[in-house]
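A single chain, nothing else alongside it, follows as structure tokens in the form predicted alone.
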């Protein structure tokens, strides 16, 4: 992915990593369209930063279809889709009550990106240089005990990224997987204050530098995520799982 000169759509960009990436990509010379559920927040961000905006609920298939139609009508040169939206919940599978959260996580974190990508694949293949950016997690490779469905959906996104990259080989579309560690956002309550979370600005700084330095990369891996990403490769997977869950048993890792 080139660091500049793109037209980028980022649903889930009204806060956290999505908003921080939107601001950095805009500053790097890209046209950025952001999406989110709250019209008032979108309007405020459009006024403050000059973003184009579209209302979208990535848990709703019809909302995705409508947003894709609007984005492509207003920005026919779109060539980058960043499937950013996602949720994380603490679950206890030993007791009743986890199923509703688990189903919502699967709908948002897995079906959401699948539906988003499906809505844009025909258009992206018509562009001379296009990129689908997926967002997995270090927890796709090393599980956190308290977030089992989140871990599973991010593992699925990792394998989806690997698989569709094979299918798009030979086309104008590349697939780039962003693999965050714990970042100081409100993905979970209190995570922004966690001593184990990477500062948001530091994460986005390193991410942008890696994209610029490695335009043909398949994965963007900041240093902080490599402990989780490569446990099996190093041969210390069991120790890595134990360390992650011992360090922060409440979910901020």
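Numbering follows the first chain given and starts at 1. As the structure is a prediction and not an experimental result, all values here were calculated from the model.
We do not show the form predicted together with a small molecule, though everything after this point is about it.
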property	result
4.5 Å heavy atom contact, residue 245 and the small molecule in the predicted bound form	no
is_contact(residue 182, the small molecule) in the predicted bound form, heavy atom dist at most 4.5 Å	yes
Partner contact for residue 191 in the predicted bound form: the small molecule, 4.5 angstroms, heavy atom	yes
Residue contact check: residue 135 to the small molecule in the predicted bound form, 4.5 Å heavy atom	yes
Interface segment, criterion being heavy atoms within 4.5 Å of the small molecule in the predicted bound form, picked from 94-102, 117-125, 135-143, 74-82	135-143
Among the candidates 65, 37, 226, 49, the residue which, in the predicted bound form, approaches the small molecule to within 4.5 Å (heavy atoms)	37
Heavy atom within 4.5 Å of the small molecule in the predicted bound form - residue from 27, 59, 217, 209	59
